[in-house]
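Coming up is one lone chain in structure tokens, specifically the form predicted on its own.
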């Protein structure tokens, strides 16, 4: 039996309201599965090797539930454009380059490495429409130790014809070819990915809904991100009162569905998400960069919706989920002002919960460092940051959300094994 024992200041988000903190504690896993967090080393582990990280913080690693892998090379570009213009000007030409498998290999290897170095070990990720590049992405994530879901994008209309658009038959055929090649992956699994309603014909959406039911596949897409997008959806689907119904009528709306953004989801749409068990992925950076709006996250949480966080690169301009957490907190403060001070902003423990435990729940895990969860952890040092007085562990975590010293992340564990050690 392989035993991993990490010693340090252990902080996890067992609930949104508070942090579980064990100073000078031991986080223990057997065969990659957590057995518990202990204030002293249990007797049965006496003599087992211990990785003693001193006063370093031992934290949950991140779950990023919405990012576009082929947009990684265009991070920080086109931030002055609204969503639909940004897609046509920057995104579609950037994604078209992934027809070149060599280019895909180079970019995706770098992306996978950077994710791990930033402490992100679980993802739900969009590839491009290219089958071979999608499989390369899955290979590179698995090689780096990242777990989660990757989707080959489907888009048979309103793309860039001749550059980034499939025929319906091509989309169906290539989706089946991709799924047929996914069986050998252990850590990274397929997720059906209609880009968004305007990109998929009714015929393609019906095919994907049937496929989701037949093969029991999860689904990811976008919902109510931008008002111009929503108006476009109403034109394309006059039979649907709201955007969400364009997914529901094709069987793409259930408790394994991820919907990114939901900035403009009203009470009826939110109620439909809660009833179906759909997970909202809040992407605060992207929503502000593309002037889409500020999602009512506090209202969603009060209404009982499942909410997690996504970097949404490259609409979002930060791959680090520390920065994504800070952006979500700031956005909630802006929303509070917009709501006439009637809603509360997210606290740091709440933001941390959304970036870690809430995302991990999509993969069937319990909150925090719960026994039975696979070991996903970050070792983070903050000893070189100046301080005016001794800080509590909660204060140290808060500061690290907003500011980190160079090379703060010293080690990362994913699915029970160490996948990164700082040089």
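Predicted model only: the values in this text are computed from it and were never measured. Residue numbers count along the first chain shown, from 1.
Heads up, the form predicted in complex with a further copy of the same chain isn't pictured, but that's what we're talking about next.
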Notebook entry, point to check: in the predicted complex, does residue 52 have a heavy atom within 4.5 Å of a further copy of the same chain?
Noted result: no
Notebook entry, point to check: Do residue 292 and a further copy of the same chain share at least one heavy atom pair within 4.5 Å in the predicted complex?
Noted result: yes
Notebook entry, point to check: Would residue 317 count as a contact of a further copy of the same chain in the predicted complex, using a 4.5 angstroms cut-off between non-hydrogen atoms?
Noted result: yes
Notebook entry, point to check: residue 40: heavy atom within 4.5 Å of a further copy of the same chain in the predicted complex?
Noted result: no
Notebook entry, point to check: Just one of 227, 88, 101, 167 has a heavy atom within 4.5 Å of a further copy of the same chain in the predicted complex. Which one?
Noted result: 227
Note to self: Which residue, 77, 116, 276, 240, is the contact with a further copy of the same chain in the predicted complex, using a 4.5 Å heavy atom cutoff?
What the structure shows: 77
Checklist line | Interface stretch in the predicted complex with a further copy of the same chain - options 292-300, 215-223, 246-254, 179-187, non-hydrogen atom within 4.5 Å | finding: 292-300
Margin query: At 4.5 Å by heavy atoms, is each residue in 94, 348 and 398 next to a further copy of the same chain in the predicted complex?
Written below: yes
Note to self: Using a 4.5 Å heavy atom cutoff, which residues in 377-401 contact a further copy of the same chain in the predicted complex? It's fine if the answer is none.
What the structure shows: 384, 385, 386, 387, 388, 389, 391, 395, 398, 399
